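Starting off, we have a lone chain in the form predicted on its own, written out as structure tokens.
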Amino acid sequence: MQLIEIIEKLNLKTLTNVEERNVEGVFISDMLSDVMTNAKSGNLWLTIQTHKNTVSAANLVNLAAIVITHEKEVPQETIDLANRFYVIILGSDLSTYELVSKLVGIGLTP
């Protein structure tokens, strides 16, 4: 499924520059070591973590995008770093659980 399609269907906020990417599943974790070890390239990463180290983890694994749930505010330094390394960060007012339900509803699975 295309990232732009997901953004539109779920009304996600774009916090960084966005480019078209193919999403190959979802990974949910708030532990960077878990993401670096178990997430797969092309995954959409759902988390509440907003610090700049998330950008490094997403870049290392080549994730499709990071989605910050629970209406968490992302620091400007994280956004700036993400734009520099072409890491897409999106935001959602929904809880992680609610967002996962909607992702499954539009046909995206782990």
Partner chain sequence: MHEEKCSHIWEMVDVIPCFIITEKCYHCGKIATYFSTEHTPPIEEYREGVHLWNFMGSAQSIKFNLKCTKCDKLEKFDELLGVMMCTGCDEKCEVNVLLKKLEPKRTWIYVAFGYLPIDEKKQLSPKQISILEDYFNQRRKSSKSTIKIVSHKLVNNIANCYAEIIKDVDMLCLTLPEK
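All figures in this text were calculated on a predicted structure; none of them were measured in a lab. Positions refer to the first chain, counted from 1.
The same protein also has a form predicted in complex with the partner chain, omitted here; what follows describes it.
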Original post:
Wondering, does E77 line up within 4.5 Å of the partner chain in the predicted bound form on heavy atoms?
Top reply: yes
**OP:** May I ask you to state whether H70 is within 4.5 Å of the partner chain in the predicted bound form, using heavy atom distances?
**Re:** no
Original post:
Does the partner chain come within 4.5 Å of any heavy atom of L81 in the predicted bound form?
Top reply: yes
**OP:** Would you please decide whether V35 lies within 4.5 angstroms of the partner chain in the predicted bound form, comparing each non-hydrogen atom pair?
**Re:** yes
Original post:
Quick one: which residues from 47-78 get a non-hydrogen atom within 4.5 Å of the partner chain in the predicted bound form?
Top reply: Q49, H51, K52, N53, V55, S56, A57, N59, L60, V61, N62, E77
